[in-house]
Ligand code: DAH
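Here we start with a single chain on its own, the form predicted on its own, put down as structure tokens.
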């Protein structure tokens, strides 16, 4: 049987060459030579149909055995030559390493600017008796708007301003939504807490806004103080303490009359500009482009509205309070002199390494 002899000869020849091979590249060439698409064994297998039918089964089994032997020999040899090459590279590397040289210090990361701001804000308010709390990011309309004195037709309750969730409305609390402000925490805190209250609520909030001064998801920190005989003087003193502690002792605050549904009276809070130090002009006489005549808008504040106190089960004839709300990203960008709030969520290392 001529084909049988050729198969046995091919096997012996292949195994011999495989054992003599020294590199993975040589083995790859032998693989193509014997079992590749145009290899010697592949060509012999094409001769099987010419073998007499009574011998074809036996020759076919032999051909499969030859193929298996060659493939296993290739696999073992490749494994050995690869290990040998790796050992040689390791030895060469060890010879090249100067153990007396100082090692390379790996780069160290740091907390994100927003996380750093949250930790600093928490510490500042803890020094004057505020307790940090957290409330749900998914909220009901009643806590977010109704109890905070928002009328039914207020623009903030429109789906162009607020992210509403496709869920069946609650029989008492109305539609479900992503909380648009930490002010809903005022209601939850007054409903559960005993007087007096000194609350600091820091949480993620969501609004359908995105521009140089707004992002769709951001963090707010809310202060709430409720006690007997709380006045605007207490509010202003707290604002001054925070600003001087966070931004620096040379910074000042002012409050301007404004309107919020849940405070009365209400104020916008401004801080002196860090670039021109409240003068509106830079040292070279140029007009400061960062601020408005020396002032930067920081957030909102005011005395808690009597209706909000009533909705939270607090007697407005006995207790009064103040609240303030600021964006964490806002105060962080003002402190670091950034003009576009969206930069604070940049993934560029060149930007993040500045902090």
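Numbering follows the first chain given and starts at 1. What you are looking at is a predicted structure, and each value in this text was computed from that prediction instead of being measured.
A second form of this protein, the form predicted in complex with ligand DAH, is not displayed here; the remarks below concern that form.
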{"query": "Among 215 to 223, 190 to 198, 71 to 79, 113 to 121, the region lying within 4.5 Å of ligand DAH in the predicted bound form by heavy atom distance", "finding": "215 to 223"}
{"query": "135, 164 and 208 each touching ligand DAH in the predicted bound form (heavy atom, 4.5 Å)", "finding": "no"}
{"query": "The unique member of 260, 140, 247, 241 whose heavy atoms fall within 4.5 Å of ligand DAH in the predicted bound form", "finding": "260"}
{"query": "Non-hydrogen atom contact residue 301 with ligand DAH in the predicted bound form at 4.5 angstroms", "finding": "yes"}
{"query": "Proximity of residue 324 to ligand DAH in the predicted bound form, heavy atoms at 4.5 Å", "finding": "yes"}
{"query": "Ligand DAH in the predicted bound form - contacting residues of 174 to 188, heavy atom within 4.5 Å", "finding": "181, 183, 186"}
{"query": "Outcome for the Cα pair residue 171, residue 159 in the predicted bound form, compared with this form (closer or farther; change of 3 Å or more)", "finding": "farther"}
{"query": "Relative Cα spacing, residue 157 and residue 255, in the predicted bound form - shift of 3 Å or more", "finding": "closer"}
